[in-house]
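Coming up, as C-alpha cells: structure 1 and structure 2, two forms of one and the same protein chain.
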Structure 1
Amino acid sequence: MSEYAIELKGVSYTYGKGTPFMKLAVDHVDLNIRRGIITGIIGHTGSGKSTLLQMMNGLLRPQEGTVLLDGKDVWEKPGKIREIAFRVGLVFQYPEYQLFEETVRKDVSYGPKNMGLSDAEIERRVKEALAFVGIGEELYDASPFDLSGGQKRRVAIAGVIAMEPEVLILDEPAAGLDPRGRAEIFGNIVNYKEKTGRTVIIVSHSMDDMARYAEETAVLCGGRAVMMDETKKVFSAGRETLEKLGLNVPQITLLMEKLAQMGLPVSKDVFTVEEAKRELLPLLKGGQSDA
C-alpha cells in the first residue's frame, strides 16, 4: 500500500483547446495526498481547484501527467474509469442542488445502487452514511426537498459517503451556511475521518477552516500548486504569499503577532483560538502565581 492515497504527477488541463476561449486551468501540478488524514486545498476562485478535483476522481482526464490512486494510474483502463468515481468520492459545491429522489433513503442509495451492490448492503451503507451526517431515522422517508438547507447539504454528502470511497473530497462543504451549520458539517467530517480512518480532502477559501481542520494544506494559485506541507508550516512560511493571493490570515494570528510585537514571549505561529488559549494561559496564570 502506497504511503499516499492520491498522487498527481505533472498533471495539466486546458479548457477549450484551439478556440479563442482557451484557458489553462491546471498547469503541471505535482501533489501527494497522504493517506488517512484531512488534507486542505486552498485557493481563490479560478485557481484551478475544481478542475484538479475532477481529475482526481476520473471525471476529467489530464492532458498531461498522471493521476495515481493507491500507486496505480487511474487511466490504465479507461473503460473502467467509472470505478474510480466510486473509490474517490467527490462532493461538489452546493451538493443539495443535485438531490432528485422522492425520499432521503432513495437518494442516498443512488450511488451504492449504481455500484451494483445487494439490497442488504445498500441498506447498511445508507444507514451508516446518514448516521455520519447526523440524519436520524425519522427523516429516512421524508422528501429531501422538505428539509432545511443544512439538512439537505448533509443528506447530499451522505449520498457520496454511502459509496464508501477510499478518498472523500468535499468542495467548499460549508459554503453559504450560518456558523452553526458550518460547525455541524465540519464536526461530521472530522468524526467521519476519525471513525473510518479514510482519507479526506477539503477545499476551502477560508484559512480559518484549514487551520482548524486540515493536517496538511496545499495552496493553489493560477493553476499551480505553490505550497504543500503541514498546515502550520504552510501558514507560517507562506504568510506573505497567502496574503498576496487574497486569502485572509486568521484574526487570531494577527492578534498574536501584535502581542509578540508588544514584547510578550508568544509564538507567532498560532492559527486557532484554542492554540492561542493554550499559548497564553501559562503566561497569564503563571504571572499570577509568581505575584
Structure 2
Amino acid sequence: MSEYAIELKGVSYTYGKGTPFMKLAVDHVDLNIRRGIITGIIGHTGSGKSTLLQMMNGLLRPQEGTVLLDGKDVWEKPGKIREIAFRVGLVFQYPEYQLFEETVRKDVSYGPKNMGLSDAEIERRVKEALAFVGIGEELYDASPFDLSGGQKRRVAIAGVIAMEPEVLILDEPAAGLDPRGRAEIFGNIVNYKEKTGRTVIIVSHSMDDMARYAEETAVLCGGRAVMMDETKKVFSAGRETLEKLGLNVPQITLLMEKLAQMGLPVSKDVFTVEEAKRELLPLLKGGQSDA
C-alpha cells in the first residue's frame, strides 16, 4: 500500500482551451497527499484549488499528467470513473444548497442507495455518519430545510461521509458560519479522522483554521503548487513570503509579533491560540516563557 492516498503527477487543466476565454487553472502540479492525516490546501482566489479537487475525485480529467488513487491511475478505466466519486468524497462549498430530500435520513441515505447497498447497511451508515457530525436521532425525520445553517452544513457533510470514502475532501467547510459553527464543523472533522483513520483534505482561505487543524499544508499560487510541507514549516516561511503568495498569516501570529516587538520574551513563530497560551501563561504568572 502506498504511503500516499492521492498522488498528482504533472497535472494540468485549461478552461476554454482554443477559445478567446482560455484560462490555465492548474499548471503541471505535483502533489502527494499523505494517507491518514488532515492535509490543508490554501491559496488566493483563482489559484486553482477547486479545479485540483475536482481532478482528485474524477469530476475533471486532467488534460496533462496523472492522478493516482492508492497508487493506481483513476482514469485507467474511464468507464468506471463513477466509482472514484464513491472512494474520494467531495463536499463542495455551501453543500447545504444541495439538500433536497424530505427528511434528514433520506438525504443522508441518497449516496449509499446509489451504491446499491442493502437497507440494513444504508441504515448503519446513515446513523454513523450523522453521529460523526453531531446530529441526534430526534432530527432524523425532520425536514433538512427546517434546520439551522450549521445543522444543514453538517447534514450535507454526513451525506458524503455515509458513502465511507477512502478520502474526504471539504471545500471551505466552515464558510459563512459564526465562530461557534466553525468550531463545531472542524471538531466534527477532526473527530471523524481520528475515529476512522481516513485521509481528509481541507481547502480554506482561513490561515487560522489551517494552522490549527491541518497536519500538512500545500500552497497554490497561479495554478502551481509552490509549497508542500508540515503546516508549521509552511507558516514559518514568514509573513513576507506568504503575503507575496496572496496569503495572510494567522491573527494570533500578528499579535505575538507585536508583543515580541514590545520587548516581551515570546516566540514569533506561534500560529495557534493554543501555542500562544503556552507562551503567555508563564508571563502572566510572573515566570518566563521558554522561547
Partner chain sequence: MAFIECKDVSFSYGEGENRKAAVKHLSLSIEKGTFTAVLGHNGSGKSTLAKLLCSILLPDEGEIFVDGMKISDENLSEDDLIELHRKVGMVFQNPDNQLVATVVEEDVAFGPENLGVEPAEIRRRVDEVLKIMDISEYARHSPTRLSGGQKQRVAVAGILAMRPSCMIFDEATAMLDPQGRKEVMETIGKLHDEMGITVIHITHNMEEALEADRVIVLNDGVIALDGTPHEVFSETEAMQRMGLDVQQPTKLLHELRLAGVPLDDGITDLDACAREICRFCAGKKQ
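For the two forms, the rigid core is made up of the largest set of C-alpha atoms that agree within 1.5 Å on superposition. No experiment lies behind these values; they were computed from the predicted model shown. Here, a residue number simply tells you its place in the sequence of structure 1, counted from 1.
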> 1 or 2: which is the form predicted alone?
Replying inline: 2
>> K285 and S236 - when the change between structures 1 and 2 is described as two rigid parts, are they grouped together?
In response: no
> Rotation (°) of the smaller rigid part relative to the larger between structures 1 and 2?
Replying inline: 17
>> Can you give me the Cα shift for V266 between structures 1 and 2? Core-superposed, in angstrom, one decimal please.
In response: 4.0
